[in-house]
Structures are given as C-alpha cells and as structure tokens.
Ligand code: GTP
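Just the one chain here, laid out as structure tokens, in the form predicted on its own.
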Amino acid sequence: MHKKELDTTLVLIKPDALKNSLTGYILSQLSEFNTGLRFAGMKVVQVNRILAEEHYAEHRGKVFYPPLIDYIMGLAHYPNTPDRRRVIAIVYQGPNAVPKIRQIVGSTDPHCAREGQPGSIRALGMIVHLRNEKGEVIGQRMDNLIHASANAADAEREIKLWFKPNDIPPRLHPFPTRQSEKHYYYKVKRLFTCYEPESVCIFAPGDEAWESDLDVLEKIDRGKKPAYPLETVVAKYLSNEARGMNL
C-alpha cells in the first residue's frame, strides 16, 4: 500500500567501497540503531550503460562524465573482472530520511568530508586525477564510496530508476503503482506495443509498474510529450537481466 507519509531516500554503495571491503562498515553506519530508519528494499545491481547514463544524466557533456559512467559501472575498479562489477542499492524509509543519511554520508568531495566531517563515510574516499593521452591532468573523479539522494525529489526519481515495484514489499511501496494493460516493447530508443524483431518486452498485461512510468509510456504511445525520457523507464526494468546487458 502506498503511504505518502513515509520519507524515503536512495543509497548506492559504489564499486570502490566494495573493492575496499567497506560494505559492512557502511551498513553499520547506516543501521537502524544509528539512523532510526529501516530498509524498504535492497538489491545487488550489475549496472548497464543505460542505467548509468540515466542516473548521471545531469552531468552529460561535462569532462568527467565518461569516467563517471565507467566508475558507477565498475569498469574503473574492475576492468578485467566483469563478474565483480556491482553496486548495492538500498531504499531507506523513516522520518527525515534524506537529511539523516546525508549527514552520515558526508560531503561529496572526500577532501571536504575529511576537513569538515572526519567521521563521515566519504571521509574514507579519494580524488583520482583524470589525464589525457599526453598525461596531462584534464579533470578529476571523486571515488567517494557512496551515493545518497540530495532531496526528496531526487530520491523519488532515483528510487524509481533503480527499483521496480516488485523489488520492494507492497506494504512498503513509497509511490503509487498500477498494472500494465498492454504489452510494451523497446528497440533502438523506440517504443512499440506489438512485438518487433529484436525488441525486448518492458511490460506485459498485468505487470506492476510505478504509475508514473506507465504514464510516460502511454503518452509516448499517443504521441504526446512524456514527463521524462523513455530510456529512464527502460533502464530499471532491464537491469540485472540478460536482455538488457548490451544497453
């Protein structure tokens, strides 16, 4: 059942945290004992490119965007071991979920976290300099171990991006859901309601989805402008599935 009174936020434990065996430490810092918040959903995700690009859509075009995508996909820390490229995604619920988690996580920049919040999780992170083919520094990537939603609007967008409704127990659903009434297929950035060769099925009749995602597909099907891109819907429903590995 959808409960509007529940504050929710998304946390991602990133590949560098996993590589440095910090998962247990991070979970202990974010425990119900320390935060008063509860888990509503948790999953291990092998992040495909479309999910990574949708998560960091606001940074498209910036010099650090390609390395950032490689970072969240695990390519930066596990270039030769694809099976180890993972992110742990968690939904937390409870009063003031966003600011409570942000306080424990610390500043985005690990250097700032060490200066101002030495006990925070990101204080254990590091800055990696990005270089061009000549070895010249052209930017930097922050290996800051963890992501936490910045505000309630971001939390809703990010939870809906990383989690399908059936990833979260029905009584803990933070947002409205409903069942699809038709088939929806995806192929090369296009939506179809009938199967096309090499297309993949996003929804079949009876499949449960976030209500806002179905609104997007219905508007696209009717030729109207959706609230957000088709790829934002596709990204989550094909994560951790073989049919979405090349997206």
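A residue's number is simply how far along the shown sequence it sits, counting from 1. Note that the structure is predicted; figures quoted are calculated from it, not measured.
Quick note: we don't show the form predicted together with ligand GTP, though the next part is all about it.
For the chain shown alone, H147 is a contact residue for ligand GTP in the predicted complex, at least one non-hydrogen atom being within 4.5 angstroms. In the predicted complex, at least one heavy atom of E58 sits within 4.5 Å of a heavy atom of ligand GTP. Of the heavy atoms in F64, some are within 4.5 Å of ligand GTP in the predicted complex. When ligand GTP is considered in the predicted complex, V216 lies well away from it, no heavy atom lying within 4.5 Å. When contacts are defined as a non-hydrogen atom within 4.5 Å, all of R102, T108 and R141 contact ligand GTP in the predicted complex. Here the chain stands by itself, but in the predicted complex one stretch of 45-53, 65-73, 205-213, 28-36, 65-73, has heavy atoms within 4.5 Å of ligand GTP.
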